[in-house]
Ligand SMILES: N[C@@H](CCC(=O)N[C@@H](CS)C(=O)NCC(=O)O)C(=O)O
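The data below hold one chain only, encoded as structure tokens and taken in the form predicted alone.
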């Protein structure tokens, strides 16, 4: 039982994001993975509705959080990691390559004073590092490609892969963000598909193609056999060609410039200025527009 965590998903319709509470049924200890801090780009309003829903569930189930984890610095939503840390006291963690993402994006935002050593998190995980959620062993797998800092958390028989693989009918993650790489993504996918066939894979987004019902769980065997990108690509070169051609047609996520300045700071919003208000900084002409 200690190698079969209970997994509860929380879906955010605004960003198509799936957040997870991963718990050990024996000890009632849990982790929260990829929590969302709500942000409305039209009004600039922020909210903790998603994170509070997770907190209510944890309390109702009698769970005790031992860590709050992000799989990578998200480009499509703000992370609620620091908010949940403040509410629960649980440490926050992310892959150690986040420091490289900080250096890249601090340059884009012209923030030379911003820390680039990951000090905003309590834990920076190296590839292969292990820890426990109660009695459940968790292994960290570096999974770059979508971003420089992406990691997979393998918790017992469950792996949290976020944007590396979507559900089989949606294929794989884009790899054209600054620091992304289709070649690195292919290698990361191969590591995930080398896990046991019955490993449960939990993705971080579901866009419900064709209007189908929400799905976020698959298996290694299912992905290997039916993923719409993997099944048709017999070689690395095939995959890179498919992925790069697809990426060339995609617009940038609408929140990427908003989110990265928050998520490279562990989900902390900018400090209030002298008038008491917080402000986001948007670099102009950094990313290619759809008409470019």
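Residue numbers count along the first chain shown, from 1. The structure presented is a predicted model; accordingly, all values stated were derived computationally and were not measured.
Note that the form predicted in complex with this ligand isn't included here; everything after this is about it.
K.L.:
Contact check in the model of the complex: 70, 93 and 153 versus this ligand, with a cutoff of 4.5 Å between any heavy atoms. Do all three pass?
P.N.:
Zero of three within 4.5 Å in the model of the complex.
K.L.:
Could you work out which of 200, 205, 85, 123 is the residue within 4.5 angstroms of this ligand in the model of the complex, going by heavy atoms?
P.N.:
Only one listed residue qualifies here, and that residue is 205.
K.L.:
Though this ligand is not shown, can you say which of 232, 28, 254, 53 has a heavy atom within 4.5 Å of it in the model of the complex?
P.N.:
So the residue touching this ligand in the model of the complex, by this definition, is 254.
K.L.:
Taking the shortest heavy atom distance, is residue 250 within 4.5 Å of this ligand in the model of the complex?
P.N.:
Yes - in the model of the complex, heavy atoms of residue 250 and this ligand come within 4.5 Å of each other.
K.L.:
Considering only heavy atoms, tell me if residue 173 and this ligand come within 4.5 Å of each other in the model of the complex.
P.N.:
It does: once this ligand is placed as it appears in the model of the complex, residue 173 has a heavy atom within 4.5 Å of it.
K.L.:
Considering only heavy atoms, tell me if residue 246 and this ligand come within 4.5 Å of each other in the model of the complex.
P.N.:
Within the cut-off, so yes.
K.L.:
Would residue 76 sit within 4.5 Å of this ligand in the model of the complex, counting heavy atoms only?
P.N.:
Yes, residue 76 lies within 4.5 Å of this ligand in the model of the complex.
K.L.:
Which single stretch, out of 188-196, 99-107, 133-141, 174-182, brings residue heavy atoms within 4.5 Å of this ligand in the model of the complex?
P.N.:
It is 174-182 that comes within 4.5 Å of the partner.
K.L.:
Relative to this ligand in the model of the complex, which residues of 143-167 have a heavy atom no more than 4.5 Å away?
P.N.:
Counting only heavy atoms within 4.5 Å of this ligand in the model of the complex, the contacting residues of 143-167 are 146, 163, 166.
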